[in-house]
Structures are given as structure tokens and as C-alpha cells.
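The form predicted alone is given below as one chain in C-alpha cells.
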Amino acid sequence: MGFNAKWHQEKIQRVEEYVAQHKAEIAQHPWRENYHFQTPVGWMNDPHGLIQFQGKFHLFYQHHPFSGKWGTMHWGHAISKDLIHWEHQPEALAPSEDYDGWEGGGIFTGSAIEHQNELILYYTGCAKDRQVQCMASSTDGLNFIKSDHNPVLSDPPAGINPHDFRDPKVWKQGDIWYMVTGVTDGVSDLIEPSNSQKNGLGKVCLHRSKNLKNWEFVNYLVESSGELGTMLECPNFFPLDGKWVLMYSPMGLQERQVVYLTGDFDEQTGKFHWQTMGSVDLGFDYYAPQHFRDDQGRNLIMAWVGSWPFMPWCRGEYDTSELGWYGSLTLPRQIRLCPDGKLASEPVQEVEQLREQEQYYAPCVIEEATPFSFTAGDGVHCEIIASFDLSETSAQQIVFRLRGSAEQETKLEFDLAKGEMIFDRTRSGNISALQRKCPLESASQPQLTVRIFMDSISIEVFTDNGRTTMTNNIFSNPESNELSISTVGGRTRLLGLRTFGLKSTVIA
């Protein structure tokens, strides 16, 4: 049976009516982000289908529109001219067929390509007994028709759990189209936890096609023996600065949400020989980034700002889910590969158009007994850039107090003695009130520079020249907006401090 376009459109219309009914009320909540992307109503997670098509940026994302909790997934859609100001569009895809889970999990993560003046989407359909790969196309970038060939890839290779076969990322190399998917061998713990035959080792499948509809298995790009995870979700594979990068979100690696591997790709065998392993971001709330290139040739990524219940620090509750919404996306980041194989990133330059109320603080010495107070916009929606001369620093720690008040504060600590950066949200108002630590390369260098982006509930931190980043949600009161820098165990020389308020991108 072919695609039922009328039934699909009715399901999309149902979403639009629900969104129109609830979006005004949700928009009033003070925890709604000002300049990070969010869906107007409902739960959202993975960004995907990122592409520049006919001069505009298209963003698709996992969306459960009917509550603030995960449910039967749709594909939300937004369009932008500058990667910063996004216009919401009607849902691109709704689950409407047996193969894409209209009675089950729905439509999962995928990717987008342009071919013969069409925007083509690849996605995972969650059928009742398996996950399958499907496609849909559009000539105008707004209205999508599911292929009569769906599912274009029904079965994973032998020995792979059919319930863990998802997240197709498609690209063209020469005359051949390639697709990577994340898979698990054996039987998933989530499906049959008592099955003693399960292996539960993650892999990345590589398929290829000449016509985008008929796909053949090439090889496993990588195979985990446990060190790479038990499931390799949302894989991205792409060339960058003379090497290849595999980026994915693992299950089973505790505090590692997004791993990257850099190395060499053997196109003949379909194997990836990696040499370097790292984390794309080291915060609590960063998952499922997707890579794409724009018309300028920039390598860009965006990721979900949120956490899953299975993550060790997450207590199975979301601070906004009962309010009818959850989740946001990071600022778009431009990535590069460093000579040692490590990945570095920085926010795209376009974010600077949001700057206002610039403040500049001249170099000074910050003494241990005297915190240095400063302002940055309204203290909630702002950008902070600070540099310290570590050759003239005796302090063991440099501490930023963010979103402060009598009852609440978030601390960003640079422990120079231990060589660590610590994000401390134990007094931020979070349900998951914990610390997250990571190595700080700059602790052994002459200078420390940090760039901080704060929004209503998210904080993105960049340091070590973009080689170390942290993204975390906090759920503080809007009145908590005090900012200061202090030291522990000595003094530090502040080389310079620039701050900006950041204008809202929300369309009224």
C-alpha cells in the first residue's frame, strides 16, 4: 500500500491545532529560553536533518507535541536565514504508517540530503517488531511525501538486534551514497533484560547505494568490545581537516554522552581506523549532536540540551515536563580538528548579532578576600568573556559565581592546583544537584580564557581554545542574577573582562 498523504496531513493538522491552543501559555514561563532554540509546545530531543537548502537553513528535531514527556515521536521543523533566528514550521513528518510507528514509538532520528533539487529526509521508523530506515522527499522544503519504497532498509545485518537499528546519517562520496546507523548485537537489555544470550555491544553499520533506495551492507565501521559503548546512537561520519571523524552518543559509558573518534577511513574495506578518542562536550546536558556543512564550507554541529532517565545523574524527572515542554538546542558550533587529533569548537559568529549592553572591565588583581562583582546584561541572558594571567596568579582556584542570590548560586570553578574545571549546580535549584568535573588544559599554561553563554536555564562554557566545552541546564529563579569572580588560596590577575546582554530571538 502506498503513502496515505491525506491521513498524514490530518495527523500534522492535529499537531498544529494542539500547538496553537497551548503555545501562548507555555511562552509565558520564565524558564523558556530567550535565544536557544526550543519547540513552542511539547517534548523535544535530538536535532537532525540539518541542511542548507535553497539558501535557507533547515532544522528538524525529535518532537512529542502532546506533552512535556517523551512519547510517540514526530519530526518538528524550523527554518532560518542566519542559524540564530528560527521560524517554526508545521511538522515535517508524523507517524502515519505501520512501518513508522503510528501505533508505537513513532519516527526517530535521521538526516537530510539534497538531490536533484529535492530535499530528501532519511529517518528511522519504529514499527511494532523492529526499527527500519525510511525516506521522504520535498520540492519546496515544507511538504514531504513518504516514499512508496519504504522501508528502504528493513533488516539489519545478521546477529543485530532489530530493535536497535536506527539514526541513519546519509552523505555522498564520489558517485556513491553512504549511510551509517547505530546498532547493537545480540538482544537489548531494554527489550529482554533476562536473556542470557545477549551480547549488547555497540557497532556502527555502513551501507551504500547508487540510487538512494536500494542499500547494501558494506561493513561495520567500528565495533565495540565495551570501550565504545553498548549502543552507538546518532552516528555522524565525516571528513575534517585531513582526517575522518566518527561522532556518536553511547549508551553504557557512564558520564560520556557524546564521543568522537578521529582517524582514517579505508573506503575499500569500509573500516574506520581511529587513533584519538574524546568527548565532544563534558557537561551533564549535551546529547546527539548532528554535523553538516553550510554553503561557506563551515563544519557545524548542533546538539540537544537535555538528559535521559537512564543517565546516572538523572533521577527520572524533568524540571519542566509537567509544564508541557522540555528540551532545547545548543548554539550552532563551528568545529575544527587540532593537530593532535582532538576536536575543538566555538559558537558561530552569527551569535554576535545578539549582543547589546557591552561592558568592558580593565585589567586588575582579584584578591582572595574581595570578590569581584560585575554585570552582564540582566545577569541571566548574557555572554561573558574573561582572561586571566596565570603567570601572575598564586590562587589555587578561580571561581565564577553565576546566577547568584541569597538562596541560589551556580559555580564554575577553575582548580589550577588540580588541573580541573568544575561545574557545580548543587545550589542551582536543580533536581539533579551535582558537580561535573573535567580536565583543564589551561591550568598548565600562561593564560586562561573562558567564554560563557547563559540563557534562562542553560549555560554553555568554552575554554582551552574550544577544546574543552561544557553544557548544563540549571533551573534557578529568574531573580537569581548576581555575578562575581573570586579566588581561593591566593590572588589572580584579570587580564580583561567583556560582557554582553543577549537579545531574545523569540518571535512574539
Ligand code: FRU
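Each residue number is its position in the shown sequence, starting from 1. What you see is a predicted model, and the numbers here were worked out from it, not measured in a lab.
Absent from the display: the form predicted in complex with beta-D-fructofuranose (FRU). The rest refers to it.
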Taking heavy atoms and a 4.5 Å cut-off, does residue 233 contact beta-D-fructofuranose (FRU) in the predicted complex? yes
In the predicted complex, does residue 178 come within 4.5 Å of beta-D-fructofuranose (FRU), counting heavy atoms only? no
Is there a heavy atom of residue 308 no more than 4.5 Å from a heavy atom of beta-D-fructofuranose (FRU) in the predicted complex? yes
If we define contact as a non-hydrogen atom of the residue within 4.5 angstroms of the partner, is residue 248 a contact of beta-D-fructofuranose (FRU) in the predicted complex? no
Tell me, out of 290, 184, 109, 257, which residue has a non-hydrogen atom within 4.5 angstroms of beta-D-fructofuranose (FRU) in the predicted complex. 109
Within 4.5 Å, heavy atoms only, which of 476, 34, 463, 62 is in contact with beta-D-fructofuranose (FRU) in the predicted complex? 62
Given 44-52, 23-31, 463-471, 439-447, the stretch touching beta-D-fructofuranose (FRU) in the predicted complex at heavy atoms within 4.5 Å is 44-52
Relative to beta-D-fructofuranose (FRU) in the predicted complex, which residues of 22-42 have a heavy atom no more than 4.5 Å away? none
